[in-house]
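Have a look below at one chain only, the form predicted on its own, in structure tokens format.
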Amino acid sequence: MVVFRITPEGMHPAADSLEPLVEGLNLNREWLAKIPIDNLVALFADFAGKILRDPRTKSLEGCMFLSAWLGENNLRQLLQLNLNGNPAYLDGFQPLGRNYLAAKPQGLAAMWMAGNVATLPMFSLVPALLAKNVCLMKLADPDPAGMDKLLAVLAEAQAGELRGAELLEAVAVIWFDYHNRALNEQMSLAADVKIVWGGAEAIRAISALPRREHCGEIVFGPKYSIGLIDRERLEGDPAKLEDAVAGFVRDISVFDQRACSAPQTIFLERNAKRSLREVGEIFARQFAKLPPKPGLDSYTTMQIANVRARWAMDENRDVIASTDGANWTVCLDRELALKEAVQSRTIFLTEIEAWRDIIPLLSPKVQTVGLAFGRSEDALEFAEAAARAGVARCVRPGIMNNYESPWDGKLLINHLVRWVTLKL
């Protein structure tokens, strides 16, 4: 057996081919399409409450945000935004002027997931199921990393007569070696829509696979995120600056900067009140409040040691680091550049003359900018310039990792349906 399936009971060998799994999923297409969208929302809302209480899931990284995201109000807002203000389009044809319009599932959604965040698969799976697609999901690693536990709790969720265990009949979560081109081709050719999360190499390989002519592709590729603190905030109310730094530190510590939305470089405008070193010390105080990291692999530890040494030995740079090992690191400089991400609570603070200086650095590669601005007019002016350069999100510190719609400039559920017209 070369295909392994992840189920509520764990991971086990499933088949030598994807064909039996695909056939089983396709048998559920009509049943899933007939489930009222209100029932699906209610089921996921029940799931949201369970994952915070269940000992199998409540300690998973990112579980608290996942639970909030799955809440009924949030899912309804998500559907409104994605479906022209009317989620009922998912249940059948709705009047639109003199005609009718419906949002029908694409069919089978094939998903290749990245392995950086344990709860990430749910942010792909739930939108696909809300759009009433059957789902074939490939995990990046043989370790389910909690996905089996999430599926187990989802299986026990219930809304009226709809049970989570029934819904999971429309889902196959699998793993196979990514080098297996035959299985990757089978998966691609089975898809009516492909969703791909991952690095540049993975994106290129999966996008090059053969697919059916009608099959669309939604790509969430590698991104880089930054922060920006303007002169007004640095010279203004100390409490507001402290709150902004605390928010950035939360964004840095959640997921250990593995998420593409976590800041790696934070730019500070030169100001008359606080030096670069003084701002670095504010970050250091906030980092010191965090609990120690549970552990570090030797490669990451070596990377952190190397960057600390380089910054300490350079007379144009500075570094503030935890004394209890590689727990956190604040690197200080004035080089106008996006620093190579080290992750693991390693942040680069770069002093600049004015926020306009960083606009040439921005591109679609930059996903999120955490903005700590003193005046909303300046924030709007920056956001306009950043959006033109390709940035997808400008948000306040503390919510940079909050998965939302649109994400990477895409309304995912909208891409997961086919809009069908009826004119009589």
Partner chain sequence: MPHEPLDIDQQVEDLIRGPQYALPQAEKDRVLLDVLRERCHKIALVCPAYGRFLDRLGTPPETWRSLADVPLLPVAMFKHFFLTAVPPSEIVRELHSSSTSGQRPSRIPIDKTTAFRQTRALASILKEHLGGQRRPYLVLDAAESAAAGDTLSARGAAIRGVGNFASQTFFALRKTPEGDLESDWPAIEDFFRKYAAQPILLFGFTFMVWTRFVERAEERNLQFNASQAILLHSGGWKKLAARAVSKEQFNRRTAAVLGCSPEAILDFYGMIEQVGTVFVDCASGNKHAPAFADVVIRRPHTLEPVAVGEAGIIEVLSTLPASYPGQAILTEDQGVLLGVDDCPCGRKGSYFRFTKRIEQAEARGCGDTFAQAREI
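All values derive from a computational prediction rather than experimental measurement. Positions refer to the first chain, counted from 1.
Only in words, not in the display: the form predicted in complex with the partner chain, which the text now covers.
Can you work out whether the partner chain is within 4.5 angstroms of a heavy atom in all three of 222, 305 and 343 in the predicted complex?
All three within 4.5 Å in the predicted complex.
With the partner chain left out of view, choose which of 87, 198, 127, 107 has a non-hydrogen atom within 4.5 angstroms of it in the predicted complex.
Exactly one residue meets the criterion: 198.
Looking at 212, 240, 181, 310, which is the one with a non-hydrogen atom within 4.5 Å of the partner chain in the predicted complex?
Looking at the other structure, the residue within range turns out to be 310.
Tell me the stretch among 149-157, 185-193, 228-236, 294-302 that has any heavy atom within 4.5 angstroms of the partner chain in the predicted complex.
Contact criterion met by 294-302 only.
Can any non-hydrogen atom of residue 290 be found within 4.5 angstroms of the partner chain in the predicted complex?
Residue 290: no contact with the partner chain in the predicted complex.
Closest heavy atom of residue 318 to the partner chain in the predicted complex, within 4.5 Å or not?
Residue 318: yes, in contact with the partner chain in the predicted complex.
Answer for residue 204 alone: is it within 4.5 Å of the partner chain in the predicted complex, judged on heavy atom distances?
Contact check for residue 204: yes, within 4.5 Å of the partner chain in the predicted complex.
With a 4.5 Å heavy atom cut-off, would you call residue 353 a contact of the partner chain in the predicted complex?
Flag for residue 353 set to no.
Scan 363-380 and note down the residues that get a heavy atom within 4.5 Å of the partner chain in the predicted complex; none is a fine answer too.
Counting only heavy atoms within 4.5 Å of the partner chain in the predicted complex, the single contacting residue of 363-380 is 365.
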